[in-house]
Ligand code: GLU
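Just one chain follows, in the form predicted alone, and it is written as structure tokens.
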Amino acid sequence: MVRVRFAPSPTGFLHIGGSRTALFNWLYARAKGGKFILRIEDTDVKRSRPEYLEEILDSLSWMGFDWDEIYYQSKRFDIYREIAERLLQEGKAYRASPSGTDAEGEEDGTEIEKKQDAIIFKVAQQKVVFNDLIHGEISFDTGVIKDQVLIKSDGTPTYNFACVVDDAAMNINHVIRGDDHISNTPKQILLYQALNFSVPEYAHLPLILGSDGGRLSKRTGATAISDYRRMGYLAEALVNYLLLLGWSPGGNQEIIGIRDAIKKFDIKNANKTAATFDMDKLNWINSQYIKIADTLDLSAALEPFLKEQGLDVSKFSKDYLLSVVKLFQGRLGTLKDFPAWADFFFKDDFVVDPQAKEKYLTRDFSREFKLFVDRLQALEPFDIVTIEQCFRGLLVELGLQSRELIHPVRVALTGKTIGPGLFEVIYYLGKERVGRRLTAWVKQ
């Protein structure tokens, strides 16, 4: 059975790169009928934070990456020390002060209080060769690798050592991670061999680059997954985009649901070259998912964004909210767009765009607005068809072109120059609110 793991460290939030790694591990496990293991690498007690752990777990759950087993390295220190002692007894490791040896492994780069001698692994000179499932054969000469610290002088394990011990103990047989870990692989293979553990298969994913061609940064998309959630991206859309950052379903297909992806996915088909993170592409994919979303589910997802902007929708019926959402569903890029575009449906004190006012409402429309309000008040039935007929009839009566009145009415009712069809807007606002808003522009 395929057993893979995702091993985040709770020293920071879950970002795009880590979530892509989690996705490929989860997807491979589900595609092969295997197990997805979540291992929290919290050996750095000083930098690990509960708020980071909570965000990581919440983000994974939000994206749908359910795990089959979960482990915490901080609860396994005794196991690491026991294995290190075994290597000492077998003459494959030695005790020494890190400051007094040419060893590598204090990878956190911080000064720590020296409480005991570190345990150092002896690196033998040999050639390490492994077949990467994505890149093919990779070889290393261990002559350039220094002796490796296993247990640091503060008693905690180093990354490479804890990783090998846990992968073996948890029966991880496929390790899927980023290209930046390729240099760790020969060090870990040496430990597997020294401990007589089975070496897993490796697949190293090319890194994700920013739009400027450099490493992904906050400016080019390296934002926490929880921030993307707050910005109004749908989990399904973000997962779809992450999938395209390293794999393709073929046939120029860009929108693919996770169930279809599971049927087609194989880690061996992952891209061999780096992917470029493109916010415009993510926004487009998100808009496509919003368009096809169930409107009831979409309405529920939008409510927190409305409340965040002080828009109280509790005074309106669910059917009303649903109708307004349908008007905008095909226009939204993110959920956060909705309150700014639809605020006039939920409050009267909306802001009128100054440029729109200057362009369309400098002229006095008192006569036209008053006539239109009077006709709407008397209109029966009051529906989208009769509203348009009423408006068209008024244009003929006044000798006006459609654009001469439709834009001023829209700006007076919504404060904006663009939006859903004007007659739909009038219908859902209703006679009373339309009358009040247009009358406000009538000079007494």
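In this text, residue numbers run from 1 along the sequence as written. All figures in this text were calculated on a predicted structure; none of them were measured in a lab.
Keep in mind that the form predicted in complex with the ligand is missing from the display, and what follows is about it.
- Under a 4.5 angstroms non-hydrogen atom cutoff, the ligand in the predicted complex lacks L234 among its neighbouring residues.
- Although the partner is absent here, R81 sits far enough away that none of its heavy atoms falls within 4.5 Å of the ligand in the predicted complex.
- In the predicted complex, at least one heavy atom of H181 sits within 4.5 Å of the ligand.
- Among residues of the shown chain, C163 is one whose heavy atoms approach the ligand to within 4.5 Å in the predicted complex.
- Looking at 173-181, 319-327, 86-94, 271-279, the stretch with residues near the ligand in the predicted complex, meaning non-hydrogen atoms within 4.5 angstroms, turns out to be 173-181.
- This chain appears without its partner; in the predicted complex, the one residue of F345, Y159, F265, F365 with a heavy atom within 4.5 Å of the ligand is Y159.
- Interface residues of 8-43, taken as those with a heavy atom within 4.5 Å of the ligand in the predicted complex (partner not displayed): P8, S9, E41, in sequence order.
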